[in-house]
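Shown here is one chain on its own, the form predicted on its own, set out as structure tokens.
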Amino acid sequence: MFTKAIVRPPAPNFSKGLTTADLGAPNYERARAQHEAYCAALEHCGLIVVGLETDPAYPDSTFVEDTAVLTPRGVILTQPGAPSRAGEVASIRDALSEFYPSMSAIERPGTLDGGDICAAGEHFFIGISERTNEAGGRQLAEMLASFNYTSSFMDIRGIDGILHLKSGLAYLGDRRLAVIDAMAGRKEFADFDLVRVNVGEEYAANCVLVNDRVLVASGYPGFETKLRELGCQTIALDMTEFQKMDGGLSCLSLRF
């Protein structure tokens, strides 16, 4: 069960962040409102939300998930693959130090974004992407092994529309994965039940299991219907402004 989440609201210069999407510039006031609704949903799921100050020095800093990999057995600080985001880790380290007395860290030449790491019970899928390289992935795998977790690598480079692994993959509990069609045939998923995301609704794959509910992006009724038919209690949230900046639901918090 998650009990806490660390979040950081988007800064006024949020639109200056990195993006590969071609959806126009985000509206700042709307992004703030969507972030507030996201935090309220986390609280509804029973979490205490720890809010950090906005950080205009790093326009992408609202996407706190990329800065750390949190597990019940230890914490690993990341090494963001985009040079402009490297400075985001220091403040997250300070925030986490209140809850974790010691932390490991990915070191260069390794790079690793938290958005490329999908925890599925005792197993971790590690995405090799434009932001996470093999050296970073190997470091993480060794650290996870020291915590008695298993892991496997998935090269997602070349999959259209996927910046991070969790752009197309989410763990729903009970050995069940939400996955886009472009990744559904991977042998790494052989021991899991797959919930395929409808073609045209790929963005919805970035959903988040929070205790007994699943946060989903609104506007994707096919996928949400599938989840409800499986017995999932869903909370639909408007994510349009974060989608414009390559962000999703998982990106906006560190849950522990």
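Fair warning: this is a prediction, and the values are worked out from it, not measured in the lab. Each residue number is its position in the shown sequence, starting from 1.
There is another form of the same protein, the form predicted together with a small molecule; it is not shown, and what comes next is about it.
Participant: Considering non-hydrogen atoms and a 4.5 Å limit, which listed residue (L144, L163, A170, I92) is close to the small molecule in the model of the complex?
Facilitator: Of the listed residues, the single hit is L163.
Participant: Is there a heavy atom of M245 no more than 4.5 Å from a heavy atom of the small molecule in the model of the complex?
Facilitator: Heavy-atom contact with the small molecule at 4.5 Å: present for M245.
Participant: With the cut-off set at 4.5 Å between non-hydrogen atoms, does G136 touch the small molecule in the model of the complex?
Facilitator: Residue-level check for G136: no, no contact with the small molecule.
Participant: Would L254 count as a contact of the small molecule in the model of the complex, using a 4.5 angstroms cut-off between non-hydrogen atoms?
Facilitator: No - in the model of the complex, heavy atoms of L254 and the small molecule never come within 4.5 Å of each other.
Participant: So in the model of the complex, does A25 come within 4.5 Å of the small molecule, heavy atom to heavy atom?
Facilitator: It does not: once the small molecule is placed as it appears in the model of the complex, A25 has no heavy atom within 4.5 Å of it.
Participant: Which of 217-225, 65-73, 30-38, 192-200 has heavy atoms within 4.5 Å of the small molecule in the model of the complex?
Facilitator: Flagged stretch: 65-73.
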